[in-house]
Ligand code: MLC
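A single chain comes next, written as structure tokens; it is the form predicted on its own.
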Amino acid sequence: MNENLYSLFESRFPADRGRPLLLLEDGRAVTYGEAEARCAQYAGLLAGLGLAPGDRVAVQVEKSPEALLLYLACLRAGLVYLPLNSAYQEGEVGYFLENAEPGAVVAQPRSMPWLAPLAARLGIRHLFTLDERGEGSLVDAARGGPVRFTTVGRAGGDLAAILYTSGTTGRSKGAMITHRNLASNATVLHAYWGFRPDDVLVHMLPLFHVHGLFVACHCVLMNGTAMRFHAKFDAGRALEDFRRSSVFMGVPTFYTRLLAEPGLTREACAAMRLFVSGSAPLLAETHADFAARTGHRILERYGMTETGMLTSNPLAGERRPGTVGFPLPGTSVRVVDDEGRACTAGDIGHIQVKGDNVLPGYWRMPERNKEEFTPDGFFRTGDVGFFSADGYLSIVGRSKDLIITGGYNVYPKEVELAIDELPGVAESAVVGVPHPDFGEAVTAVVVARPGAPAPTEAGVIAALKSRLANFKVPKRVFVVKELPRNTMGKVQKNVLRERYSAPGD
């Protein structure tokens, strides 16, 4: 049996290959038949270069239909797909290429002045361009090639992709993702979220990230249906699409921007059946506001680059704000204390996971792999959280974000929730910064709510003193216009720590 992920997708393609896979902004469509043919041409081109199964192909391009087809071509040819954030610069890309040693690189034309010398220095012989219009030397080289390609046989444990983690605490690690990892997660999500034969998904996420590439695209490919494919998020276009679509996946920022649109109404969302949020925590207030405006309760889930999706609020049942739901079928999730003992309901501890969706390890980091897994095979996520008595998981934060002040542990999420309830506060982020006396000082960065009186440092501290133990109350509060975020909407706490650790703060 061929366990190549592409073979699984192909078994789910519609019998009528004339049905659309991608519905584009300009009104054109890419059918399943066209996708198969173009994907075959790219796979044939790469294989014809002498690339062998297991060789890496690094891809740093803007979103386009061809970018998605290139990913499928790499799967089909048994190659290992290495997506890179299109915002990465020369120094970052240089590290990834040196570490992964790809056999070929596909990149944006604007990167060529520095990428070509870099590739030459690293001995990478095959370099192609692909722009946001889906044009470039890759497309030119594949044009006219055979439109049939026999999918290369792969075992479930063979690598399908390497995704580099964000590296906020040091050099990025290459998460090795297998065909089995991706197939198991795609199969579970497709069933758990109840995909239907007539579903149409609105796709506005980037393709270099787990959310857009593995979660959204894989669900559609498993369903054999269509997605409305946009280069980037646009609230106005999203509202138009909602009237003729059924599923939307986004990061919390997408939902806050949608809520700023007067056109977001129950009528505008009447055709929709499911809104999913992930990649960063969704504020309970956003959840409530969206439900009030649209009648839809956003389904929040939890996953990681290394594991795919781990938990999800239920499709049928209570979608509880502030939680990420239950462990998905086939995934074991546990919360343990510092000694590895199981925590009781409500007690905060370290989240660990096990299942076919969990990576085998990091690329060329055997020592790190020993640290990341427990003796009984659970992966240490680095997240801390707790289970409720009825089984809902809540994420408190990253273990590296834990603040130890005067010997006491402070979980930032607890302080953030208290701050977010105060008048005039839109959102907040809490970090620990070096302190000569306490070791770390709890520091809050607060975004004021538009149109309301701005909170003050003294006011926030005074209000919290009646709600939290004194050691949890921030020593300093900074009011800002917005929080720094990465491309997936996650607050960059490392940036805040650096910014507010400066002398004089």
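One-based numbering along the sequence shown. This one's a predicted model, so the numbers in the text were calculated from it and none came from an experiment.
There is another form of this protein, the form predicted together with this ligand, and it is not shown here; the text below is about that form.
K.L.:
Given that the partner is absent here, state which listed stretch (338 to 346, 116 to 124, 231 to 239, 194 to 202) has heavy atoms within 4.5 Å of this ligand in the model of the complex.
P.N.:
It is 231 to 239 that comes within 4.5 Å of the partner.
K.L.:
Is there a heavy atom of Phe326 lying 4.5 Å or less from a heavy atom of this ligand in the model of the complex?
P.N.:
The answer is no: Phe326 has no heavy atom within 4.5 Å of this ligand.
K.L.:
Does Lys465 make contact with this ligand in the model of the complex, using a 4.5 Å heavy atom cut-off?
P.N.:
Contact check for Lys465: yes, within 4.5 Å of this ligand in the model of the complex.
K.L.:
In the model of the complex, does Arg449 have a heavy atom within 4.5 Å of this ligand?
P.N.:
No, Arg449 is distant from the partner.
K.L.:
Mark Gly136 yes when one of its heavy atoms lies within 4.5 Å of a heavy atom of this ligand in the model of the complex, and no otherwise.
P.N.:
Answer no; every heavy atom of Gly136 is more than 4.5 Å from this ligand in the model of the complex.
K.L.:
Identify which of Val251, Ala73, Val431, Ala142 has a heavy atom within 4.5 Å of this ligand in the model of the complex; exactly one of them does.
P.N.:
Selected residue: Val251.
K.L.:
Identify, from the list His296, Arg301, Lys413, Arg320, the residue with a heavy atom within 4.5 Å of this ligand in the model of the complex.
P.N.:
Selected option: Arg301.
K.L.:
In sequence order, which positions of 450 to 473 have a non-hydrogen atom within 4.5 Å of this ligand in the model of the complex?
P.N.:
If the 4.5 Å heavy-atom criterion is applied to this ligand in the model of the complex, 450 to 473 yields Lys465, Asn470, Phe471.
K.L.:
Taking the shown form as the reference, report whether the CA atoms of Glu339 and Glu440 lie closer or farther apart in the model of the complex; the distance changes by 3 angstroms or more.
P.N.:
Relative to the shown form, the pair is farther apart.
K.L.:
Distance change of 3 Å or more between the C-alpha atoms of Leu402 and Gly361 in the model of the complex: closer or farther compared with this structure?
P.N.:
The answer is closer, because the C-alphas of Leu402 and Gly361 approach each other in the model of the complex by 3 Å or more.
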